[in-house]
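Taking the form predicted on its own, here's one chain by itself in structure tokens.
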Amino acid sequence: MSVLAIAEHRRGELRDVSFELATAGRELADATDGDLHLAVIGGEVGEFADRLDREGVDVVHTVDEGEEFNHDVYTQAVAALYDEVEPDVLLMPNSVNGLDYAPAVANRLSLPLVTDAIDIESDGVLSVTREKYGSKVETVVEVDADRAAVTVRPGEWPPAEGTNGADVREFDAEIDESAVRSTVTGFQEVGGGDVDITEAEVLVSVGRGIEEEENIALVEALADTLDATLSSSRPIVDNGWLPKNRQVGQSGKQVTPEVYIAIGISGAVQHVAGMKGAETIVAINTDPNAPIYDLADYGIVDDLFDVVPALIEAFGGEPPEV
């Protein structure tokens, strides 16, 4: 089984999901001793190709078209490359960009499309595992077709590492400019600001337990002391206490930090869906039965207004008055 995976980049940087796609694609290709093709479209494709040459990647295709994501260019380029490579499975990120062009590509190629995969297997029949009902239920979709397209949820596979000496090939997608109906004029982070919580190694996340907006200063002080990034659960954003780009969860961003400190967060399934890929999870909550403790590596069952100041002092900071 041959696999073609499409890498993703933003503002000159490859996204982590690019390397996770390499792992997912290699596992799938190994099931039938097939080849893994990885492609990057636009930006500094030569530099990206060097970084995408990870273990398990057989071929890196570069498509030198534009600097940033463009729906019409990606749709044409991915479809043209698919016709060139003729893979059995086309993998794309289940990201904002991926979900923009993946349905258009699948429609153009008449491929069945399964989105938001958390596992993919093949024993002659492609099986894709997805979550339903707010991550409460896993369901396996068996694809009744010889070829298919799948979008892969970020954070579900470890990133491919090392180098491999993959064959790097330039591909001319022959973009029909008359069919490019959109123009990228700039980049603006949703919710304002330039903080990308998906890139943070340590996240200090605050939830409903903080009670009042002015109390967020306490958690922000802990984040500053730890040189971490501040994030939150949905209620904080819904109250307008932090911008949307800080929200972790199913309707926010999916994060995979080395350390995730959940403060006053109960662990609703919608939130857990966005942070369960963290390497180490620390929970602070007064409720010993909070669902977050089912996931946490370390738990502190106590009042956050006692624990957080103590942590700030323990790490050399000075807690603010709240």
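Predicted model, so just to flag it, every value in this text is computed and none were measured. Note that residue numbering follows the sequence shown and begins at 1.
Keep in mind the form predicted together with a small molecule is missing from the figure; the text below concerns it.
Can you pick out, from 281, 255, 290, 28, the residue that has a heavy atom within 4.5 Å of the small molecule in the model of the complex? By the 4.5 Å heavy-atom cutoff, the listed residue in contact is 290.
Close approach of residue 43 to the small molecule in the model of the complex, 4.5 Å, heavy atom: So residue 43 does not count as contacting the small molecule.
Please run the contact check for residue 311 against the small molecule in the model of the complex: heavy atoms, 4.5 angstroms, yes or no? No, residue 311 sits far enough from the small molecule in the model of the complex that none of its heavy atoms falls within 4.5 Å.
For residue 285, is any heavy atom within 4.5 Å of the small molecule in the model of the complex, or not? Residue-level check for residue 285: yes, a contact with the small molecule.
Does residue 251 reach the small molecule in the model of the complex if we count a contact as any heavy atom within 4.5 Å? So residue 251 counts as contacting the small molecule.
When the small molecule is placed as it is in the model of the complex, which of 92 to 100, 201 to 209, 70 to 78, 171 to 179 ends up with heavy atoms within 4.5 Å of it? Single hit among the candidates: 201 to 209.
Are 117, 151 and 153 jointly within 4.5 Å of the small molecule in the model of the complex, each by at least one heavy atom? Spot residues vs the small molecule: no contact at all.
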